[in-house]
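Next up, structure tokens for two forms of one chain, structure 1 and then structure 2.
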Structure 1
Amino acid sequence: MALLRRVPWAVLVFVAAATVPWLGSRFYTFLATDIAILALFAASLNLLLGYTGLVSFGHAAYFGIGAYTCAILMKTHGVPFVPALLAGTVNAGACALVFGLFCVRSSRIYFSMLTLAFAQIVWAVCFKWNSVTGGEQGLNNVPYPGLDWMAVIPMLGDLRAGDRYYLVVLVLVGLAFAALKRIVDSPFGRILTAIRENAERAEFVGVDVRRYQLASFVVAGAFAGFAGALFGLFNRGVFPDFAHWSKSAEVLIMAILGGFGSFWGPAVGAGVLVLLNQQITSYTQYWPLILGSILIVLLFVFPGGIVGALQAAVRRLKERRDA
């Protein structure tokens, strides 16, 4: 068991994922890109849900803000990829700061409902502001970033544009996960965990709970905006649905499915949800019914999600071995 813990699983998964473009199928690259971006989106929510104990029903707002900001800058104003991506991230974080100032003043269900209310405002702006966002039709034909420079790198010259973009996404998502991991393992992350466990006790010992909750809200919003910007370019279009409440529900399901009690749980949940959706919808139209049944089983039998169930299985094996 100790040997398993020493294996750099994250590095191995990253290396395995980097081989996808050479498998020869556009479908595999498409699926892997989708999973990578949504995994980061789910991980950003986990900073609120799993580490700070805040349940947001409107996390898709920042996903949509990042996507629209990056797409508008690249398509309408011709801004290069990197500045547009950074602008999408910063704008999402700034909006999270403004909304968070109101949200963190409330707690429990009132906090959740406020996040939903602000998200619906963002969705309404995206849906109605035709001259900027494209309104109901969204922004189509958003350009891919210029990746011709990758042709000079050995083994990358013959790859398709989608394959090159996938590799860029993989690297950027990997860096974002490394940053998130550094945050949750820092003293800041430990204070967030203390707030999650008992906010009153944390405040009693001198922690400014509201300030830390706001900081967590802003950081989570910025990472969601980063994921949204990448998703808009991958989708070659940005639409109001990116900021809709149903998108917030989808990422919440990912976190619950994988297990928001662990760092990697929501990312696992994102991968499992995307794969299940692809497989099950090809056989039946009753995907929502099947998904609901899976969630009911997990909530009652494995409340810690997929990762929590795996960790429990490993603990049982260790106990049997030591017995």
Structure 2
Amino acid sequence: MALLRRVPWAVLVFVAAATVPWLGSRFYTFLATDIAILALFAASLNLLLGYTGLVSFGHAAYFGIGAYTCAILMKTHGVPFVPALLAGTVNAGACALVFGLFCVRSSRIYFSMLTLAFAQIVWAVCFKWNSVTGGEQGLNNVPYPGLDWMAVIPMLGDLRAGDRYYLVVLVLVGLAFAALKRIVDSPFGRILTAIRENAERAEFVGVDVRRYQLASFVVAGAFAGFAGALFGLFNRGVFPDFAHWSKSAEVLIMAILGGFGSFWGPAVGAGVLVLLNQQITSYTQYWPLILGSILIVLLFVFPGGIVGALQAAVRRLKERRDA
């Protein structure tokens, strides 16, 4: 068991994921890109849900803001990829700061209500502001980042544009995960878990609870914006759906399905839910019904999600062996 724990799983998964383009299927690359980006999105939500103990019902707002900011800059203003991506991240974080100021007031219940309300307004802006966001139709034909420079790297020369973009996404998402991991393992992260466990007590060891909840909200929003910016380019277009409450629901369920008690749980949940979605939507259009039912089953039967259930199983095996 100790040996199992010493395996650098994250690195292994990353290396395995990097081989996907050479499987030769556009569909696999498509799925892998989808999973990588949504895994980051779910992990960003987990900073709030799993670490700070705040339930956001409007996390898609920041995903949408990142996506729209990046796409508008690249399409309408011809800004290059990297500054546009950074602008999307920063803008999502800035909006999270403004909305968060109101959301973290009073209590956790207010937080949940207000995240949903503010997300609806973001969605309404995307939906109605025709001249900038393209309104209901969204923005189509957002340019791909120029990735011709990748041709000089050996082995990458004859890859398709989608495969190249996937590798860029994989590296960026990997870096973002490393940064998030570093944040949750820091003293700041420890204080967030203390707030989650007992806000009253945290306040009385000298923590300005609201300020740290707000900081957590901003960081989570910025990472969501980063994921959103990558997603908009991957999708070659941005649509109001990105900021819709059902998207917020989806990412929340990813986090709970994988297990919000662990760092990697939400990423696992994202992978499983994307694959499940692929399977199920070919049979039925009632995806929200399935999502809601999954959520109820999780709440009553597996509150720890997939990773929580696995951990419990491993623990039980270990106890049986030791006994």
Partner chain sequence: MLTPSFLLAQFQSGLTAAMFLFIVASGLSLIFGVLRVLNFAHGSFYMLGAYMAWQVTQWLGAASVSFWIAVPVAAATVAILGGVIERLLLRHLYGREELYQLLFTYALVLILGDAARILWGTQQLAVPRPPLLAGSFDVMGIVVPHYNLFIIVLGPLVALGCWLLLSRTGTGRMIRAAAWDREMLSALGADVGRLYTLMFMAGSFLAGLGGALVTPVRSITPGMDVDIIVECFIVVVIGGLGSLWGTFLGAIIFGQVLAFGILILPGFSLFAVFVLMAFVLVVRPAGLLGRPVKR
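Residue indices: 1-based, along structure 1. Between two forms, the rigid core is defined as the largest C-alpha subset superposing within 1.5 Å. Given the structure is predicted, the values throughout are model-derived calculations rather than measurements.
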Kindly point out the structure, among the two, that is the form predicted in complex with the partner chain. 2
Note yes or no: does the Cα of W287 move by 2 Å or more between structures 1 and 2 after the core is superposed? yes
